[in-house]
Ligand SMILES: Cc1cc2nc3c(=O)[nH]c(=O)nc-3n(C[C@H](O)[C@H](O)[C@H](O)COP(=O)(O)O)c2cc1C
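Okay, so here's just one chain, in structure tokens, the form predicted on its own.
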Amino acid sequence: MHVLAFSGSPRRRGNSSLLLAEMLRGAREGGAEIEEIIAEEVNVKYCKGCLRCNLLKRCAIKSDDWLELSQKILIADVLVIASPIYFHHLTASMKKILDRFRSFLHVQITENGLIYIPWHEWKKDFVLILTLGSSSDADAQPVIDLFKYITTILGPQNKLRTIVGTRLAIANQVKMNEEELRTLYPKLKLPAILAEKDYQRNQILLKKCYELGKELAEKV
């Protein structure tokens, strides 16, 4: 089992990075082969919308790392995308990579919409780990809807799992203890009384990521 994970956070101790680390810990303990890509560190250029991938069956851009990265994506059994939500969407570094997924498909324009035909057979588990400062997970819905669409057009055998952490605005917050949260919340104009509930919720969130990683790694 090969797990390829993308971390879209610009903060190494960002909450999405910490949740991703827990998932990868579970996957590693379950026997999976792990590779993590830091989105802002990879040399991937912006999609130009040139549509040449429709003819070449690959991206036409050669002067970056996409060719090697795309091969890693294709052979992975599990693809994990972890990102904070910035203004209702993925971080720019993560979205730049996601746009290049266009080259995995032939796209036909019709008078009624688009027809997608993947160049390769896709049968992967996708995991979407999102964190946001909002107390409502509705602010993550645009990204979830996008991934539901992407995983569907890439192939009916793909599966998508989502983990969303809310009210996580400060780096390392998901790992803070109850007293640390109680001190933090007034600074965020939040009631300190939320600290107990949120600490317990965050512990459940970390455990959920770990257990999902282990479950996927042990999947036959």
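Residue numbers run from 1 along the displayed sequence. None of the values given here were measured: they were computed from a predicted structure.
Only in words, not in the display: the form predicted in complex with the named molecule, which the text now covers.
**Student:** Within 4.5 Å of the named molecule in the model of the complex, do we find a heavy atom from each of R58, Y116 and G155?
**Tutor:** No, the candidate spot makes no contact with the named molecule.
**Student:** Please run the contact check for S134 against the named molecule in the model of the complex: heavy atoms, 4.5 angstroms, yes or no?
**Tutor:** Looking in the model of the complex, residue contacts with the named molecule include S134, since a heavy atom lies within 4.5 Å.
**Student:** So in the model of the complex, is the named molecule close enough to L168 to count as touching (4.5 Å, heavy atoms)?
**Tutor:** Output for L168 is yes: heavy atoms within 4.5 Å of the named molecule.
**Student:** Spell out, yes or no, whether the shortest heavy atom distance between D139 and the named molecule in the model of the complex is within 4.5 Å.
**Tutor:** D139: yes, in contact with the named molecule in the model of the complex.
**Student:** R11 versus the named molecule, in the model of the complex: is there a non-hydrogen atom within 4.5 Å?
**Tutor:** R11 belongs to the contact set for the named molecule.
**Student:** Which of these residues, H88, K148, H106, K95, gets a heavy atom within 4.5 Å of the named molecule in the model of the complex?
**Tutor:** That would be H88.
**Student:** Report the stretch among 124-132, 95-103, 108-116, 71-79 that approaches the named molecule in the model of the complex to within 4.5 Å, counting heavy atoms only.
**Tutor:** That would be 124-132.
**Student:** What residues of 12-49, in sequence order, lie within 4.5 Å of the named molecule in the model of the complex by heavy atom?
**Tutor:** Result: G14, N15, S16, S17.
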